[in-house]
Ligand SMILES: Cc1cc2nc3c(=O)[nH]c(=O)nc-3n(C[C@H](O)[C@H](O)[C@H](O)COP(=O)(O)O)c2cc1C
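Just one chain follows, in the form predicted alone, and it is written as structure tokens.
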Amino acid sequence: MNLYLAPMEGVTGYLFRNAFHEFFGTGADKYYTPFLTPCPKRAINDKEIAEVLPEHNKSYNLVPQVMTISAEDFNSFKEKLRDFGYEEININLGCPSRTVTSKGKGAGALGDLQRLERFLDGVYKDGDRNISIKTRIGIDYTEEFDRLLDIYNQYPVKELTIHPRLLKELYKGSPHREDFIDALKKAKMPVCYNGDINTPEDYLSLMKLIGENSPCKISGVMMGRGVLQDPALIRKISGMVRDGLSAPEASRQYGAKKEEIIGLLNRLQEVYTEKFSGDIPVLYKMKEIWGHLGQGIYRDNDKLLKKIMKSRSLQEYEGYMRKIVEAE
């Protein structure tokens, strides 16, 4: 069972990945870049180069994720990524952001199946078996996914990561796991699950559901928001899989320690300070991290969380950060 850190735009860039991997990387089999966007009018830009430079991603297995619906742009971009030494490249057909989908990209590409097939025809025309896909199950209706899966099954997809929500649902409601199980039975490629795995119990619930309804095994589980809410989540689940621990046992044995959380936050603050000019953008980035932690392992600390979010300086923030972490 593979465990992946999902790409999250604006959050899981290489600075975050390096800091996270230093303190909580145990059990993480792959990391994915937030989506990179090819453009026919320019070569790969400086920000994208920084994201994929091998020297910025030394300690872990990284998969670049690309968002486009042009096979020509994808193939040109693919060659640049291969020059950096990347074998697997992931296609983003799952992002539900309106700024993306309004251009027919991300999950927006699922609304025009003829165009999607032309794109995939061009991408896989040479039989490249190192291209994976991350997808949603449709735009408006779950029934759309039967046809989408028929399309994906035509190609040598390295791995299909399914987030079983519709575009219109964004991240609301519960994932349609019954549709994921149906796809697991029909897919001709390895299938990975993504969506609302926020605790070890969520993982066990998914495995139980699959075990009761399908003879097929999933290739991996991809987690995003759950890891930001609890940085030790992948480590806990890895412990359950590897050591046969129960969820409570894994949480006790592999849960985040105070010094690890402080170490992660201090490292992030350090690298963001080196990258950005002035305290304000660094403070914004740290508050963004706390927006997730405050929904997870620190969700019962409303008063201190509010003070962190209202902090006007890094010094003020640091004081409240230490209070909330050391109080646990």
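All of these numbers come straight from a predicted model, not from anything done at the bench. Throughout, we count residues from 1 along the sequence that is shown.
The following text describes the form predicted in complex with this ligand, which does not appear among the structures shown.
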- With the partner left out here, if you bring back this ligand in the predicted complex, are 2, 159 and 235 all within 4.5 Å of it by some heavy atom? no
Per contact check vs this ligand in the predicted complex (non-hydrogen atom within 4.5 angstroms), the hit among 123-131, 80-88, 110-118, 221-229 is 221-229
Are any of the heavy atoms in residue 8 no more than 4.5 Å from a heavy atom of this ligand in the predicted complex? yes
### Message
Would you classify residue 196 as touching this ligand in the predicted complex, given a 4.5 Å non-hydrogen atom cut-off?
### Response
yes
Using heavy atoms and a 4.5 Å limit, would one call residue 35 a contact residue for this ligand in the predicted complex? yes
Check residue 65 for me: does it contact this ligand in the predicted complex (non-hydrogen atoms, 4.5 angstroms)? yes
Residues in 146-167 that come within 4.5 Å of this ligand in the predicted complex by at least one heavy atom, in order, are 163
